[in-house]
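First come two forms of one protein chain, each written alone as structure tokens, so that there is a structure 1 and a structure 2.
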Structure 1
């Protein structure tokens, strides 16, 4: 079983700070990590290979910092990593990202492609579907359980108010929800072994993609604003004994609709 897992490098959202004067997010110097549902997809791929044999390839598109970020995927059990790193890829939208990933996948043998249902930062959920369309593959979304059948897969889809079971032939692309697995925490030995696993880097030239086909120039998505919402502070000062202040605070919260009496 040859499985490709698509991973996304995202900044640590817990450490993002907002500039008070401009309301812009401060992204410089932030550590990067793998998206949560991407790790669910990776965990499922590793479990499949542990049971059925084969190889897991971690495929990721990002900045040079990806060389460090991808070590977590290798430590979790991916057998090899393929990194797509090129300044030309910067600011690619979902369509262009899918095109870049597809070009890389087409150069490899695979039976199954696993993706997270959405990225932890943008959560558009568009890349898996666009990727399946470009590759001409059947796709199953919102998958919380996978079983293998003769020549294919049986997937349980989470439709919120109901579960749907579908069967699909291989090769196929499957996007998973967080319920499918609990990502493992690599041991120290696994972390040390990760440094010795195969790792390749490809650029736009390796994928035969020209500069106008990728990045901001090819993007149809325009970011109008990423500013934090404005918050007006009322600067109300409460004075008096503790009981009086509590009563004043309760009244203020009631007037603002924060609590109901």
Structure 2
């Protein structure tokens, strides 16, 4: 079983600071992590390979910091890493990202591609579907459980109010939700061993992509602004007897949509 897991490097959201005057997030100097659901996908891949044999390839596109960030995936059990690092890739939107990832995957042998349903930072959730489309693969989304059948996979999809069970033949692309697994915390030994695992890097040239086909130029999505929501305090003081104040308070909460009557 050859599994490719797509992982996104994201800034540690718990450490983002918001500039008070401009409401801009301060991204400079932030440590990077792998996306939460991406790690769920990786954990599932590692478990499958532990049970059925094969190989897990961690695939990621991003800044040179990836060389460090990807170590977590290798420590968690990925057998090798394939990194797509090129300044030309910067500011690629979901469409272009999927295109670049597909080019890389096409050069490998694979039975299954696993992705997180969405990224922890932007959560547009588009890359898995676009990737399946480009590669011409069947895709199963919102998967919370995977089983192997004779001809392929049986997947349980989380439809919020219902569970849907579908079967799919391989090769296929499966995007997973956080329910599918609990990502392991690698031990120090595994972290040390990860440093010795194979790590390959490809640029746009290796993927036979020209500068016009990647990055900002090839992307149709433009981020106009990225600001934290305004947090204005209303500073309302309620006065009177307890009963009156409670009444006023519930009224105020209802008006603000905090509670429904």
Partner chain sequence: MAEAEKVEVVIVGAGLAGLACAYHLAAAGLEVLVIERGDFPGSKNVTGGRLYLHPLRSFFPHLWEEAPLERHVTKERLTAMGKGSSVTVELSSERFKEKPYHSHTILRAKFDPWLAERAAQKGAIIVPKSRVDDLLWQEGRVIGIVASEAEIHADVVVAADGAFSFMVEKAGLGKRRKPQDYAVGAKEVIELTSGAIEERFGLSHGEGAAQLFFGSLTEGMFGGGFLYTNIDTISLGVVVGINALMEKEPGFELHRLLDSFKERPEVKPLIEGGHPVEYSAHIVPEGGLESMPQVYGHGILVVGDAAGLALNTGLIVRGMDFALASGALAAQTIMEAKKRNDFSPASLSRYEELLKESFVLKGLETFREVPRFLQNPRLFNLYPQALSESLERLMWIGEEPKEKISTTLWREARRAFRFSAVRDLLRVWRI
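Residue numbers count along the first chain shown, from 1. What we label the rigid core is the largest C-alpha set whose atoms superpose within 1.5 Å from one form to the other. Worth saying up front: this structure is predicted, and the values here are computed from it rather than measured.
Trainee: Pick one: which structure is the form predicted in complex with the partner chain?
Mentor: It is structure 2; that copy is the form predicted in complex with the partner chain.
Trainee: Across the change between structure 1 and structure 2, how many whole degrees of rotation does the smaller rigid part show against the larger?
Mentor: Value for the rigid-body rotation reads 33 degrees.
Trainee: Rigid core superposed, residue 235 Cα shift between structure 1 and structure 2 in Å?
Mentor: The shift comes out to 7.0 Å.
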